[in-house]
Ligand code: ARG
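Below you will find one chain, with nothing else, as structure tokens; this is the form predicted on its own, and questions on how it binds or moves follow later.
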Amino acid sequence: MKRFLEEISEYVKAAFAEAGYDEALGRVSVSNRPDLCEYQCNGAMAGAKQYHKAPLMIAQDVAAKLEGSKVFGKVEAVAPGFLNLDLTNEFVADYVNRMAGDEKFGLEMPTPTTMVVDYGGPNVAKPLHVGHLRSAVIGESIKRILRYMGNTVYGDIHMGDWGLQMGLVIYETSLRMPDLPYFDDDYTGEYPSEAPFTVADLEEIYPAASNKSKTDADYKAHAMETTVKLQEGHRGYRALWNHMMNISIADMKRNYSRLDVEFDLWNGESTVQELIPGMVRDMKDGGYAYESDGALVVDVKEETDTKEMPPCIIIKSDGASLYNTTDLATIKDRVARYDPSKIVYLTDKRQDLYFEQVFRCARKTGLVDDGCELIHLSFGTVNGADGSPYKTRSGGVPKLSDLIDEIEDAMLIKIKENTAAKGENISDEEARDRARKVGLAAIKYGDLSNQASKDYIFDVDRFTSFEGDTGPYILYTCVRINSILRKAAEQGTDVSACRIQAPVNASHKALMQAVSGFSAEITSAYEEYAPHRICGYIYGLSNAFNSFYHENHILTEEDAQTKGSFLALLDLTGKILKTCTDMLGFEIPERM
């Protein structure tokens, strides 16, 4: 199916052509004056110069060709040359019926391909914090949107598991527990199966070690030496590293699970270490990499650059690799394993220059060809009420688990207040389950409804409100629709046998028109990697439904055909809302 506005425009374009004008002038848009008309076409204004004719005369010529159309119930040519258009009720009903009969609601599907989405990036041995929220939430939604459009998509967490932080933790542990066998080079037995630390210990050890390394040069030198030994295969350090990995990954999975975020690949920097020597050798042999001040670099500057573009450092002067190195090796690995058409990266906007360097280097050195698009989607920061990065009351960076707890606790209070006001008795377990589901919608919608590239304020009160542009409001709408459909079924109505009829009033038609925007908004969200487009769509759809709900007696409608039409439209609206909330990454509870 064509998108709704495209289908309308086809008829107007044909009228322009029939009247002797360029059909390209017939593009239709939603009216910016809904008090005058539903849709408008301004093509006559653009055609005036081309045809040396007053725009109003062009508009009148086209309007004459549209008179009596089955598509337009009203066609007016108004000064200075606008075409004001209202659709017939029958045309709108026919369109949404065709949507209802299609598995993807009339969405035009692209040719499917394979893609990789890199949207994690946490460091091992460190707790997930508020800075990991956006990459997880936005990345998960983009992965789901890409999959809905028929693509094979691999989501990769891409952990930081091979750098100095590993050496810092191991060295600090050696000072605290020097008698452990991991630090005895002569030890040849089996290492303990149980780790010598917990995730809580790691959360204390790493910051302590990091702070020491910033003020004690000797301490940092030892940590760097430990890092090198780990990477060279030191038996004890590798065993300790495996403990860190197991503990950290288990903790990450718990936290990401609370956000309903799932990764297909739990890879990290360590995954591609064996590829680095060969990749570096190829860069040298190909004449791309050369020494500069002891480091190995690749020039990535282009003639069209207007700003300075530093070279991409592949190997540091001390022989160590960098994030650049592992990211390039990861690109090489992903191309070899999955042959993706796109690799999409989610990080904050401070890394824009970094990824421009890496992408240019990957192309220049032949790690990717024109068949693979490298995309960096940068996002803004999560801020507090003062507009600065979100902090705890004590001024620290909040852990992600604490942030989720804060929302769920606030949501639990509101759930209990709502159920008490309705006289509903629910168990604490049920209340917490609802708070978890609605709280997740509050967090995700609160983030995703903002354009990703912009900063936003994390406002618990606003996010957890049941009114306005919020996740709980969307869920409340979904629950209301499902409740009506459930009651209709209890009354013996088979909604699947009902058909959407021509609208009987303005709110009925407005809901159909809101439904009809699905294809356009999902396609835009897909092409622009923009979940906020879906949020905007379902907020408008929810508003249209609630207006319809308050102005019509759905279950008590006396005319059976009209009642069936109402219910069939609600069924379609509910299915679309569920599809969209699935793409955004949260589920609809049975009750609120």
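One-based numbering along the sequence shown. No experiment lies behind these values; they were computed from the predicted model shown.
What follows is about the form predicted in complex with arginine (ARG), which we do not show.
**Item:** Among the candidates Phe466, Tyr323, Trp266, Tyr187, the residue which, in the predicted complex, approaches arginine (ARG) to within 4.5 Å (heavy atoms)
**Value:** Of the listed residues, the single hit is Tyr323.
**Prompt:** From the list Phe379, Tyr345, Tyr95, Trp241, which entry has a heavy atom within 4.5 Å of arginine (ARG) in the predicted complex?
**Reply:** Looking at Phe379, Tyr345, Tyr95, Trp241 one by one, just Tyr345 meets the 4.5 Å heavy-atom criterion.
**Message:** Given that arginine (ARG) is not shown alongside this chain, does Tyr390 nevertheless sit within 4.5 Å of it in the predicted complex, heavy atom to heavy atom?
**Reply:** Flag for Tyr390 set to no.
**Asked** Does Lys143 reach arginine (ARG) in the predicted complex if we count a contact as any heavy atom within 4.5 Å?
**Response** Close contact is absent here: in the predicted complex, Lys143 is far from arginine (ARG), nothing within 4.5 Å, heavy atoms only.
**Message:** Would you classify Gln351 as touching arginine (ARG) in the predicted complex, given a 4.5 Å non-hydrogen atom cut-off?
**Reply:** Contact with arginine (ARG), yes.
**Prompt:** Given that the partner is absent here, does Gly160 sit within 4.5 Å of arginine (ARG) in the predicted complex, heavy atoms only?
**Reply:** Contact check for Gly160: yes, within 4.5 Å of arginine (ARG) in the predicted complex.
**Item:** Contact segment among 396 to 404, 323 to 331, 169 to 177, 307 to 315, judged by heavy atoms lying within 4.5 Å of arginine (ARG) in the predicted complex
**Value:** This holds for exactly one stretch, 323 to 331.
**Asked** Which residues in 99 to 121 have a heavy atom within 4.5 Å of arginine (ARG) in the predicted complex?
**Response** Residues within 4.5 Å: Asp118, Gly121.
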